[in-house]
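The chain that follows stands alone, in the form predicted alone, written as structure tokens.
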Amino acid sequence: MKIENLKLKIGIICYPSVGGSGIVATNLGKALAALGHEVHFISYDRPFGLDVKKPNLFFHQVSINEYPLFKYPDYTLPLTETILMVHQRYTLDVVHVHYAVPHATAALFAKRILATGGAVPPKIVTTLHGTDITLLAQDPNLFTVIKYSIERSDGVTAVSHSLKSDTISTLQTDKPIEVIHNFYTPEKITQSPSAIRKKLKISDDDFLAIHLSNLRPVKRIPDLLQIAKLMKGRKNFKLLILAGGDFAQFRPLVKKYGIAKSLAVLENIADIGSYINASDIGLYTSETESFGMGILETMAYGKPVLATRAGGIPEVLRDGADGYLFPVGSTTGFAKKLAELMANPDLTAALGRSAASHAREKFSSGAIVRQYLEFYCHSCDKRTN
């Protein structure tokens, strides 16, 4: 049977977050549903951007009860119960979990319960996005559970070769891991660059750098602000931060550096495409990245990117073709290259065109979703042509 003719029932378990793995999982599910597969999202809240009125899309909410007996509310067991309920009603072929704990752990628990009762359980596919390995697996209270959940999954994917290597090294595992990169399809632009800049009180002639992140420590926001400080002598340089978290902790540093007039910060913006489209370049100073979704988003709108040579970033951004890579902490290197590009708009535009082309060709929805379908089929032992 050709993969195009195969129709699966797929459960997707993810965090319903505005960024990162939640968006990746949601976009994957929507793309699978558009291809005719039946997709069931399972989480404590509806994933951001999920429209269950669309064909083949379903949402099942995990109910979390707080009992006086438990000092802390439990999520793993209610999630397990919901997976059981969904499978018993719809007979899922695959449960695709994003993050090992608690998602893969709960899915494996449900699988064991189903098998014990004589039912045919779904196959469990676990996708690692980074936090499982770079943070949680460093905790001795979680290490063994994470390793078990990964090794007992029917199939495991990682969003970069870098993360795959880190997983093998950290867990000391020989579990096969398939690398399937993230994908991104640019959204329709709803506001013109001039309209966005007017809102930001930024001139059309200003050179606008943009940064998208959740502001976690690994993003090295102080480095980003240090770069803005180094660019203070250039009046037409502006920095826009689209923050997925509270920026208040960094306000004292903004004041210390005297960069308030060249900085704009917006929190929890949904229409990020229009803001990226209104910028000139992306700026990312991360200490580590398993993939670099913000970088891919920026490239997809035809903007070059300056980023650190960390983790999976070099798998997304080609140094010298789509932008430039620097050692972690090299704020002077970033500032020097920014100044060069400000003085050379033709080079900036050429890098942006290359970035858009690379994002479209290597990280398209069609290519990546097909890889996941093929991996599902392999995990389910279904033959395709």
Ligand code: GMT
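Given the structure is predicted, the values throughout are model-derived calculations rather than measurements. Numbering starts at 1 and follows the sequence shown.
Omitted here: the form predicted together with this ligand. The next part is about that form.
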query: Answer option from 80, 288, 274, 226, heavy atom within 4.5 Å of this ligand in the model of the complex; finding: 288
query: Contact assignment for this ligand in the model of the complex, among 88, 214, 173, 191, heavy atom within 4.5 Å; finding: 214
query: Partner proximity in the model of the complex: residue 159 to this ligand, non-hydrogen atom cutoff 4.5 Å; finding: yes
query: Touches this ligand in the model of the complex: residue 282 (any heavy atom, 4.5 Å); finding: no
query: Contact test in the model of the complex: residue 218 vs this ligand, heavy atoms, 4.5 Å; finding: yes
query: Residue 20 within 4.5 Å of this ligand in the model of the complex, heavy atoms; finding: yes
query: Residues 10, 122 and 379 all lining this ligand in the model of the complex, heavy atom within 4.5 Å; finding: no
query: Answer range among 124 to 132, 252 to 260, 144 to 152, 194 to 202 for contact with this ligand, defined in the model of the complex as heavy atoms within 4.5 Å; finding: 124 to 132
